[in-house]
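Here are two versions of the same chain, shown separately as structure tokens and labelled structure 1 and structure 2.
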Structure 1
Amino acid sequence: MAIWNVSKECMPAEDRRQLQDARLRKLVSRLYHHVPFYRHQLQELDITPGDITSIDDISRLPFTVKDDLRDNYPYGLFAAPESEIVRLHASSGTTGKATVVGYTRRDIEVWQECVARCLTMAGVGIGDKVQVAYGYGMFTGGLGLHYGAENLGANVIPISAGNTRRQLDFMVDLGTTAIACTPSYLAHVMENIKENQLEDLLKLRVAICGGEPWTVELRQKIEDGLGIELFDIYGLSEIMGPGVAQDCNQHQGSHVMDDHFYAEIIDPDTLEVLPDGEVGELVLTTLTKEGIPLLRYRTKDLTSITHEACACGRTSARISRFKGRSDDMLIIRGVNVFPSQIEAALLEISETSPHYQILVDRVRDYDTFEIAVEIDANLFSDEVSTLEKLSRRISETLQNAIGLHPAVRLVEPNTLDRSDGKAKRVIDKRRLF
């Protein structure tokens, strides 16, 4: 199978380290001089840029967490002047406030390069018709795949997310060979293909899926159901967007583009770096990023890492399937949701937050999202129309806060699970990890 960039992806281990050494030195120096937030942190640790000579020194550097991005919203962590920024993306935050990331021209080039590597890994090449069914906009999915596929030389179909009927029409009429979307949406597309008996009319060969955790069973089901091969693309807007890592046709873990993003696994409690094979939190350092470079960003995703060469010929580090999260974030239909966001939204409706419970399940491979709210004295009404208005208001407020429309169920007080007196806020029945 083709490899997009043999000189980088199949670099001998020693060369790779030397490249990482040089890039880390440059990164620390740039952060020290251009981002006061990092300069103060490095000074507190008594580190000057000259102290960092090799990639092994990375364990001396401070971590970055999502709150750091939020606290420095919007531009506090930018390392490039605004005259050099050519694109902004945003991701939702726990308090409703987004975190913003900026890309220089070079950052966009690197992103396109990484996505082109991923698509090539999936066997996509020039002339392939790539239907980008990720959302376009502030979310990185759509545009990330779009530019990468164009860079590769594929025919891009920028249809964006949703409108399944139209997706199917184009898929058949234009002869789509590859689709990029969330795995749960692909499952939904598959059902529609089967209902409309379109299987024989399709030229679909591969799917690039990401944006949410998914099970081995779902992967198998779609692969068998459509006779296509699925690839698991990983990324997060804080680091870049999709294309940070992806599995090759060996499907033995995902290759991290570690000439650009250095990966470590840490124990989320002690923060110690863990050896290969041990499960911990994935930490990423953006070695080449200019717009908003981050040191040791804690992704909260739990996985393990290996540096063994892969049968595909690539020598980059590989991370295993995700084993869960080290925080309480839920990913519902590809959207990141924190229980604290829901709590904040409910506080807009009632003076004191009512007891609530989030129920997430997967029915026919589609995430269901329900919120049960106890009718306390604050929310009570003897009029059904008022209670119905309340349900609608809760649903709309949450839709505005997190971009997802939950089913709202009003329940009697003291009926939701409380284990040890503490409310159980989330029931996730999906068993994704």
Structure 2
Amino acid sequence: MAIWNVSKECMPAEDRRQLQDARLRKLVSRLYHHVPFYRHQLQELDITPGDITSIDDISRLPFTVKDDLRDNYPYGLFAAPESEIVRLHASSGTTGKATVVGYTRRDIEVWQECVARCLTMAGVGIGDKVQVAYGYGMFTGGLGLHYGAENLGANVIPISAGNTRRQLDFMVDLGTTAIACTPSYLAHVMENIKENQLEDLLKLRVAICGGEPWTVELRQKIEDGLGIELFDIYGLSEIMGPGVAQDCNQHQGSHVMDDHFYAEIIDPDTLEVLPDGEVGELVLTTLTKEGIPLLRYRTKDLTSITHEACACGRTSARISRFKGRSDDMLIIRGVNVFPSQIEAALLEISETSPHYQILVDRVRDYDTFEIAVEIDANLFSDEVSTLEKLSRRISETLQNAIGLHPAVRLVEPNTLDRSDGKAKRVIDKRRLF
């Protein structure tokens, strides 16, 4: 067990830079000598480990993309022998072959430390009961939060995802004070709490949410509905899992654990590094990973970065709330649309819920665009004209937000599929052709 202070996150900039310099040099040497894929990449660029002397040299190094992991499936990018790998995780592989990642014992220790730091930022500590409602197994969410919370000294309730009735029973009976799950699932839990009138029986005060993009509006809706504070944890299995970054109680961007992960923002088209404040694609380098270290991994997540010290006292780099993913962007009738834009617009309307679905199809070379959104069941007892007015108001709000007039289909609560993990927000049938 470890009790975390914020000394590593508040170190002076010069000390941080020297640490990153040393760790990048060690990383490049490790990759060059132990991973043929990277050795070939560096030789193609006429780079030897001795050429990399400081973190400023990182822009000379090649990028890594998800297909590189798939092409070298399962162990081709590992930098440690299998005898030193103590755990394997993998992505779902729903958009292609799964990506497999391996952890040495030291990697697991770093992961635990990073998650413990994140929980500390959320005010979680000894005496808290943390209900981990992320999925366990090959997905990194469940075990990542589990071991991080244990490392911090908290009491872990490893319930995993799903079985919402049981989740509620344990929250009440065991006195859960913190829950870790996806934000869309927490919205579903909130609905069930209200339906069963359990608000006054709960001790819940904090939620650690991640695993999918979500908006400020959804955060506010859940915080207001449950009277708790939400924290946005970020991670991805290729880099480590949850714990790469999280926001503090200032909620002015997520602090990157940049003694372990170096963050850059690039223009996804030109691949040029962008200055602080400009939105682009997040690129991460694992400075201390032993099992499967990665150089300049392109996450596809769109955000901006700042290196200004936070009001909380931490000096680590901060990334802003994600604008979406470059590969999640929809192009509908020539207009670029992100699901997060639609969610933010819908949650401006009091009659709507956080549950919606975007349906895109193509009929005779013309894109059709529909939004199905759940509304209060009582509204269906109103006159048809009232529902028609609400549909028009929703459509006009979305027109102002994204520049398109979608068809709006109002549905009763619990009509749309619920997910125990990441919400299925988009059905794009055009991709089937």
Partner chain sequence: MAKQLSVFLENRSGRMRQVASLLKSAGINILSFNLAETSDYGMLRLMVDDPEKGAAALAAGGFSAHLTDVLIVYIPARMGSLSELLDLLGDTINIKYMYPYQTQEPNAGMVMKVSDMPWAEQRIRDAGYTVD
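Just so you know, these numbers come straight off a predicted model, no measurement behind them. Counting starts at 1 with the first residue of structure 1 and goes up one by one along its sequence. If you superpose the two forms and keep the largest set of C-alpha atoms that fall within 1.5 Å, you have the rigid core.
Structure 2, not structure 1, is the form predicted alone. After superposing the rigid core, the C-alpha of Arg17 moves by less than 2 Å between structure 1 and structure 2. Fitting the two forms on the rigid core leaves the C-alpha of Glu396 displaced by at least 2 angstroms between structure 1 and structure 2. A displacement of less than 2 angstroms separates the C-alpha positions of Gly253 between structure 1 and structure 2, with the rigid core held in common. On rigid-core superposition between structure 1 and structure 2, the C-alpha of Met329 is found to move 7.4 angstrom. In this core superposition, Leu359 moves its Cα by 2.4 Å between structure 1 and structure 2.
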